[in-house]
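Same chain, two forms, each on its own as structure tokens: structure 1, then structure 2.
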Structure 1
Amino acid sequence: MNARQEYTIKLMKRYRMSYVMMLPYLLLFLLFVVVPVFVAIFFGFTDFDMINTPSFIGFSNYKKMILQDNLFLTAFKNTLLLATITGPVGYLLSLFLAWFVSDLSPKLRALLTALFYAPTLCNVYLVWQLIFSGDSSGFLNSWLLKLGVINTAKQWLTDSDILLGVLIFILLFTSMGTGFLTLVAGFQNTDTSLFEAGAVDGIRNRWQELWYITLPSIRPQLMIAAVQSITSAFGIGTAIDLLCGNPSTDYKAWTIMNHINDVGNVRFEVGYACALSTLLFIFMVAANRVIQKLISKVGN
């Protein structure tokens, strides 16, 4: 046993009560997160319909995914597009809004934080359906008709030419989730003495403070918010069903999550659905690794 292992064991003994307190959560996490991931990876190599015994078929599901399933290619393209736009943009939006509200007075900060976070607590998609309703009584259509901007009501959520842009706008607006609150907490807990030391070392403006002091100080919060942003960006599915229907017009907003639900819950091709889920999981892990490397360069 080397010195590092001995030191680790010594720390575990010292903080054994902390591990005991963490044990219920760790057990639940293992049971409902870790185990299902490995089970899904296993079933991805089988032909399974939830009735008959699974039969091992190797990489056939993955070959089918790439060579035979044209709808998967559509879902992959749409997921990549939505994740590339809503993930980074939503993350940066959360970051700068959290930075903005952190400098306000406590009462105003609490009010704005609640306003930004409120859409994640209510059925916001019902509100957007009312705003983007395709008839002339829809909020947006009625105003545009009155102003003479359009002559006929626009089908915002069913017109294949515009629904993807409208969906991206809505997803960005509703991206102020737990990651936003995490960043607000991070900004509030930054050691103010660091700014005084930074001024002595030559930092002269707020942008330099943000890059060289604040962001390096809240790297853990940055990472938590990034993981949540990536997970929600790649896992978009239910919101599309609520807004655009299932399936969306011409599958313009069909994502991998929609495809997994269709394959697994409608067709009962559970083995193939697990292969799709495994691929999506790999993309999420890869994106998290990239983000982790980028965040490690903050302040350098």
Structure 2
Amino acid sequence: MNARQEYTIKLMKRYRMSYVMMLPYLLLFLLFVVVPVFVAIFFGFTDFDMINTPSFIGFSNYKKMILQDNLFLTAFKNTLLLATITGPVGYLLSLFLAWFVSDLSPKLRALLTALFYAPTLCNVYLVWQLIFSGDSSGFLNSWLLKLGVINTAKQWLTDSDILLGVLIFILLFTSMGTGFLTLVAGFQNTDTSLFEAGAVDGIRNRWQELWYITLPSIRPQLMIAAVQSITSAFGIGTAIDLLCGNPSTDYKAWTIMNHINDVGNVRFEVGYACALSTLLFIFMVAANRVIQKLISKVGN
């Protein structure tokens, strides 16, 4: 045993109580977060169906996705579309709103932060569903009919031509997320003396100030907020069920999350569902990595 190993063991003995203290959480974390990932990877290579003993089938599930499953390709396209729109746009929206409210007086700031965060706090999809109801007596329809903007009631959430657009609109208003709170807190805590120093150094307007001073100083908050928004953008699924029904008309808003639930919980092709989960997992982590690289360049 060399000196380094001896030292490590000594440290481990010294901190044995720390390990004991962490154990309950780490056990649950392993069970519900880490193990599922490995289970997904493992069963992704099998034809498991919850009843028969699974047998190893190599990359067949992954081949099936691309070659045979048209619905998967639709889901893949929609997920990318929804994620690339609601992720970045939602993120920028929350960044700008956080920036805007940071200029306000503390009371008004707290109030507006609560208002902007409220749609994340509670499930408002049922209300949106009524506002966008396809009935001619629905809130939006009846006003648009009255004002003469449309002639017949629009099926906002079931018409295959428009439902995706309406969905994106609603999701943007409900996707501020916890990242928004992080950003508000970040803006609130920037060092105000930096702004005065910046003004002396020739910063002329609020945009220059944002780019050269504020954003670089809240980079840590930008990072975690981005992680949050990308992760939730790729996980969109339940919201679609609630708004557009399951499945949405012509599968226009069918996402990988919907597809996983359908394949796994309805058709019990668990092996295939696990392969899909693995793929989605890889996408989420990869997208996060790319965005983090981009953010580390902000203001440089």
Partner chain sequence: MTSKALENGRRSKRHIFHKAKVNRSHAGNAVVFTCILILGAFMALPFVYALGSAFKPLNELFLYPPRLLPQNPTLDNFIGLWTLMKSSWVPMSRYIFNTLLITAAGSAGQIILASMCAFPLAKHPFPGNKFIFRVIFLSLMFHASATAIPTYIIMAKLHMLDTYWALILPACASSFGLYLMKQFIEQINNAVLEAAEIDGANIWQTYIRIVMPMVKPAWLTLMVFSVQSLWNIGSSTYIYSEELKTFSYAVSQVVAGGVARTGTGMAISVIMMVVPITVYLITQSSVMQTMASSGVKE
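Just so we're clear, the structure is a prediction, and the values are computed from it rather than from any experiment. Think of the rigid core as the biggest set of C-alphas that the two forms share within 1.5 Å after superposition. All residue numbers here follow the sequence of structure 1, with the first residue given the number 1.
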item: Pair member that is the form predicted together with the partner chain; value: 2
item: C-alpha of Ser193 off by 2 Å or more between structures 1 and 2 on rigid core; value: yes
item: Large Cα shift (2 Å or above) at Phe281 between structures 1 and 2, core-fitted; value: no
item: Core superposition between structures 1 and 2, C-alpha change of Phe29 at least 2 Å; value: yes
item: Following rigid core superposition, Cα shift of Ser18 between structures 1 and 2 in Å; value: 8.0
item: Cα displacement of Asn205 between structures 1 and 2, core-superposed (Å); value: 2.5
